[in-house]
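Only one chain is included here, represented as structure tokens and corresponding to the form predicted alone.
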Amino acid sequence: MKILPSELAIRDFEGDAVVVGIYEGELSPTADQLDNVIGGAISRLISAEEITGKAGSLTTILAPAGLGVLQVIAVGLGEKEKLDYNTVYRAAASATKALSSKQRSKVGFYLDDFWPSDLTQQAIAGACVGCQGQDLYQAKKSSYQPELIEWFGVEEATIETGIALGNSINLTRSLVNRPAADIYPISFADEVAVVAEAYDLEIEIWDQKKLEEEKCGSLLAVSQGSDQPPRLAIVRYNGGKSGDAPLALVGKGVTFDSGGLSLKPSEGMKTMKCDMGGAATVLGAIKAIAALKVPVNVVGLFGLAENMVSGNCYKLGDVLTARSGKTIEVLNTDAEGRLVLADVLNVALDEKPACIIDLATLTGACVVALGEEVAGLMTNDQPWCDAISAASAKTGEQMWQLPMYPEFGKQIRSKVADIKNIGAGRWGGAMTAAKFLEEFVDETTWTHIDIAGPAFADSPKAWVDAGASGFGVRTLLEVARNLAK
């Protein structure tokens, strides 16, 4: 799909469709021009309350007289004074998703002509995301990208930035949507290498031998029941000043989670290809940061393993020795993500980071607490958590802080090892998991983001197909940009 800038007035556009923005209570300038061209049809639909302008609403006008297109998509932008990143991102994504049911040769976007470039970048990213579905393996596709989008009133640099962000989000989505037979530790590490080569990043990939030499006993235990050997990938983007401590982004990359001996039921296993969503989000963010040349140093670390059942899998009651030297009693093999992250977080400390963010589809408990649309934030440093929360609020990727009271840490004390990998009971599981991770970051500034809810959706939204959402990439990019200021 190509996106090109256009200065062509809407009355002169010819193609398959045009997309125009409608505010609550008023037309955008481009919609007002279109209304005049098509004989006041938009005004009449507004009077009849068929068009409301509410954020995300869509109305299709077919074969409008006086215009050289087959249809107009009028997309609601909400109240003009409240226009924000998430509104424009979802509006553009909803429009391209609505148009993706068949192949379109040319589509014109005339959302408005006054937006600052950062808003338009988010809209362009949304347009890229909305028309990519999860139909990766269908003989006949169900989603089609327009061959060409002409975007009115923007500069080429703004388009390039929006496309780079959209492609980064779609990378994350594509990785999560691919099955475990396709994305496993080695093939995921290969995807990391592709990004590293494209943007000239430093890269290390630790194979099983290296992981054994590094005494990554916690990660290795999770992987030992699988025929797929584990990997730990490290990429370094040096966009900031030489010697400046980097931002460390750590991703859980369990490419399939059967639960191990604590076996999940079939229903609970169906979407476990998505259990590498944290690692996929980190890779998407690294790609965006590198593509946009954000002036900050970032290191991405990916803990990659499968959690499977075999005669060699780790068992309940096992005591593992993590790379840090801390011992862990295993009381649930389905609480494996934290075991993988324990070693990866310890490796991250070797990078001497200024701050750490880890992302993981870690607990169902977080989904119970916050629902499927909201990620959980847990931290050892309130200002750092506040900075991430502010970035998420700006992008509209909803996150909510959960408490890290000392009582949650007491629940993971073990009688036979230093700690155990689950809490004392079923309650507060998101926080006890975070307290477990906190054991492996020492005093380094750190925030954990549990994305188990919003990373993957069983049903489609107006702005994105079912499956992987790409949640978190925009927030991590915003965090990196803020650190660079």
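Residue numbers run from 1 along the displayed sequence. Remember, it's a predicted structure, so these values are computed and weren't measured experimentally.
Although not depicted, the form predicted together with a small molecule is the subject of the following passage.
Check for me: heavy atom within 4.5 Å of the small molecule in the predicted complex, for each of S57, V75 and A123, yes or no.
The answer is no; none of S57, V75 and A123 reaches the small molecule.
Pick from 268-276, 125-133, 173-181, 105-113: which stretch has a heavy atom within 4.5 Å of the small molecule in the predicted complex?
Going through the listed ranges, the match is 268-276.
Tell me, out of N86, Q145, S392, T363, which residue has a non-hydrogen atom within 4.5 angstroms of the small molecule in the predicted complex.
That would be T363.
Which residue, C385, V294, A335, L211, has a heavy atom that falls within 4.5 Å of the small molecule in the predicted complex?
Residue within 4.5 Å of the partner: A335.
Is there a non-hydrogen atom of D257 within 4.5 angstroms of a non-hydrogen atom of the small molecule in the predicted complex?
D257: contacts the small molecule in the predicted complex.
Using heavy atoms and a 4.5 Å limit, would one call K264 a contact residue for the small molecule in the predicted complex?
Heavy-atom contact with the small molecule at 4.5 Å: present for K264.
Determine whether any heavy atom of K252 comes within 4.5 Å of a heavy atom of the small molecule in the predicted complex, and answer yes or no.
Yes, K252 sits close enough to the small molecule in the predicted complex that at least one of its heavy atoms falls within 4.5 Å.
Is I422 close enough to touch the small molecule in the predicted complex, meaning at least one heavy atom pair within 4.5 Å?
Looking in the predicted complex, residue contacts with the small molecule include I422, since a heavy atom lies within 4.5 Å.
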